[in-house]
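Form predicted on its own, single chain, as structure tokens, below.
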Amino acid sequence: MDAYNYIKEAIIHGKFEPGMRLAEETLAKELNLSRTPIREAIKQLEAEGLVVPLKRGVGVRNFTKEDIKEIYDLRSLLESYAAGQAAINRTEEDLIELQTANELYDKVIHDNSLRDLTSIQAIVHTNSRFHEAIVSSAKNKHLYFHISKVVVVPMVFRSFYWYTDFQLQQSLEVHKIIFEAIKNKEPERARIAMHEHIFQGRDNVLKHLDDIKISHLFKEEAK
């Protein structure tokens, strides 16, 4: 695995945690590479917003609650628009891909008994496949670029660790509603369903952050 993909995967999976400083020399030794490809990888990740400059070097970006709200607001606007356009412009081939993605998503969330890295990766992959199929169905060549800039992969990945079985099933049911709206050429219904779907994800992330803070507070008080 090259430097870029190694560092990105480590950030997504939580090996490199938010706020952690990334030292070029340490990464170069770990990957048995020179510092040049490490430096290039970090520049690319900085452009993607996954790492940020520190006083010395760079660190993994730590998202605030306000960041999360703003990111999900933009996602809602862009992806609900994509869903509405997909309902107008989709082809029969698009519908096959959407249905296939949903069937795979259904399978992996019901095979998620271990809640391990492999099963979470499968859930994230199939969920992304459904959302990307919607963007493709919208037939707007600019949409994917803009949506890719506001879908923060580490945040999405970690959010699926926090989903309960009920929430995963709820997510699947909304996928089905969106699919039916696109299939039946109902753009407003597709738009509204996607809007709510994105905001459900936002609320789950924000609630988990609040729970973490409360948990840390109790631990501090117990000392």
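Numbering starts at 1 and runs along the sequence shown. No experiment lies behind these values; they were computed from the predicted model shown.
The following text describes the form predicted together with the DNA, which does not appear among the structures shown.
The shortest heavy atom separation between residue 49 and the DNA in the predicted bound form exceeds 4.5 Å.
Although the partner is absent here, residue 22 is a contact residue: one of its heavy atoms lies within 4.5 angstroms of the DNA in the predicted bound form. Proximity of residue 39 to the DNA in the predicted bound form: non-hydrogen atoms within 4.5 Å are present. Within 4.5 Å of any heavy atom of the DNA in the predicted bound form lies no heavy atom of residue 64. Residue in contact with the DNA in the predicted bound form (any heavy atom within 4.5 Å), chosen from 185, 69, 35, 176: 35. Judged by heavy atoms within 4.5 Å of the DNA in the predicted bound form, the contact stretch among the candidates 177-185, 161-169, 25-33, 190-198 is 25-33. Contacts between 55-78 and the DNA, taken as any heavy atom within 4.5 Å in the predicted bound form, involve 55, 56, 57.
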